[in-house]
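As structure tokens, one chain now follows by itself in the form predicted alone.
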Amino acid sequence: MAKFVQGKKACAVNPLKMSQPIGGALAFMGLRGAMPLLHGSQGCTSFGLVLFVRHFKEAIPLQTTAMSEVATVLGGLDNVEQAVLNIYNRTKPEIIGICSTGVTETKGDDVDGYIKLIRDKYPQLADFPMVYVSTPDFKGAFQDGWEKTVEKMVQVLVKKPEPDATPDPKRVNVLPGSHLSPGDLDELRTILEDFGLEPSFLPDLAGSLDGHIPDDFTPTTIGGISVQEVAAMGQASWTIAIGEQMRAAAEAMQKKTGIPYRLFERLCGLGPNDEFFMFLSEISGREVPRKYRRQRGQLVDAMLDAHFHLGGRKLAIGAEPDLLYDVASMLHEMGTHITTAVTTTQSPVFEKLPAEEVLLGDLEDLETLAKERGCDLLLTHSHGRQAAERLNIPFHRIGIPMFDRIGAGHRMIAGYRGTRELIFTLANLCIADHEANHEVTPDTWKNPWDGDGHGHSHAPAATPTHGSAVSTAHH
């Protein structure tokens, strides 16, 4: 069990965390034809937009109510109304998702009340899907915003099934945490379908931010789960929640529809995936397909090969709680010591993390502690690259943002294959680091009698005798 330690610095020097509105906006991007709307100043949205564009390398739909100083003081009804009308008339979205920001939360805008007034005033918007989530950026973090948004989408968009309705045994709801990439969701969809199940992902970033080229330009999200499919999630037989952050959404789904849920806190590592696959076998009534038995064997072999390089390493990791817990726990099982862990918000998973403490802090804290504790492996997002340079230790990017590498949306940590890929990547980093710091070349591998390294001996000539090292070498 890790002790949770609250940082006491007056400010974040090199921030690790991202805000709740950004997490909420990303969750809305998992809906088809969606337009996320941040209720706040233009700058709040601009920074979030740039962050997502740099990470996913895709066009990102994100709008703002553009609150000015005066509008903030007087109230944002006019700005919300104008923004909703402009988006509805110009971009023709299927849904508008609204997230609050610090400035409007401080003022205390009643956005749910605003939406009711707008629906009453404009008949065309009476039944148009609009979801508002309170996501103040002066508390919580990215993961919290995602968690609240998915829970609110379940509460607002999922329809309660009829009393006599029979759940479809093949249909399964999947509520993925913000720590899973579009690549992870694609892998999970393939796994579920191979068991004969029909999964519905909420949100489904694999449909909207997986890097595909649409046939036509659209100003909204270009894929994801439709509002109609979300409404029909009440017909499923099971809900699978991935990550502790999805517990609230799974409970909301169960409360509204009566569908039982199973929470998987981790999907990176051998044990968690064994548990996951056995559960799928149980609910589908099918044996685990042969290809996954083979993948499991490949993962075990990869763990055997890589533990020589990862075992004994001292890990410094900075990430959102579920991502930190998932990846760090897998590495602990590989023999790595979780020496330094820095996170962004509180979570129950830290009670199970095999480390002494988890600090709520920033990247400066991560670097300082990593240096003090002699860490020799660093995992965090792209803003940790300078710290890794100064510490001169191997660095692997995880989480968001990852702006200095391409393919961030396709990296995987879930399933047997995702775990294997991560293990290979980290082991190779450690091998490359060892070679860089202990490189053997003709210049470093000299004959001890060869004083200047150029074949000019400054030692007295030795007369080879039978049985000596020299004569043995000649034999």
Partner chain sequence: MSSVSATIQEVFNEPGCAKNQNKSEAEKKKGCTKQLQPGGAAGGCAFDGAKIALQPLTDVAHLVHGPIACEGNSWDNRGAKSSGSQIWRTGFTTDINETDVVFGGEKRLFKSIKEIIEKYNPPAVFVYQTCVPAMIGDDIDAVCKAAKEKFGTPVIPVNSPGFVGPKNLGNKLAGEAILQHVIGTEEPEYTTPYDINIIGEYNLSGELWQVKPLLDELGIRILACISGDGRYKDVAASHRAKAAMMVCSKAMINVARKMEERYDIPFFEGSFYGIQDSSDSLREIARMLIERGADPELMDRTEAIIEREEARAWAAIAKYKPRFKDKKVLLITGGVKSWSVVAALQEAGLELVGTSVKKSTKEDKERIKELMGQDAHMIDDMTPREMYKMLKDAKADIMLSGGRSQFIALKAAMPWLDINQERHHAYMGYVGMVKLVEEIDKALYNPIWEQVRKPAPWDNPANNWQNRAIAEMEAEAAALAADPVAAEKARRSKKICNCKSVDLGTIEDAIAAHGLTTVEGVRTHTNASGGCGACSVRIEEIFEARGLVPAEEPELDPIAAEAKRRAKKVCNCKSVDVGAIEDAIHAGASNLADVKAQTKASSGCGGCAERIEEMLDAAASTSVPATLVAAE
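Numbering follows the first chain given and starts at 1. Here the structure is a predicted model, which means the values were calculated and not measured.
The next section is about a form of this same protein that is not shown, the form predicted in complex with its partner chain.
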Heavy atom within 4.5 Å of its partner chain in the predicted complex - residue from Val158, Val349, Ile393, Ala83: Ala83
Within 4.5 Å, heavy atoms only, which of Ala302, Ile338, Leu310, Val103 is in contact with its partner chain in the predicted complex? Val103
Looking at heavy atoms inside 4.5 Å, which stretch does its partner chain contact in the predicted complex, given the options 377-385, 275-283, 324-332, 228-236? 377-385
Give a yes or no for Thr72: in the predicted complex, does one of its heavy atoms lie within 4.5 Å of a heavy atom belonging to its partner chain? yes
Closest heavy atom of Ile87 to its partner chain in the predicted complex, within 4.5 Å or not? yes
Would Thr65 count as touching its partner chain in the predicted complex under a 4.5 Å heavy atom rule? yes
Contact test in the predicted complex: Ala126 vs its partner chain, heavy atoms, 4.5 Å: no
If the criterion is a non-hydrogen atom within 4.5 angstroms, does every one of Asn14, Ser41 and His212 touch its partner chain in the predicted complex? yes
In the predicted complex, which residues of 26-65 put a heavy atom within 4.5 Å of its partner chain? Ser41, Gln42, Gly43, Ser46, Phe47, Leu49, Val50, Leu51, Val53, Arg54, Lys57, Glu58, Ala59, Gln63, Thr64, Thr65
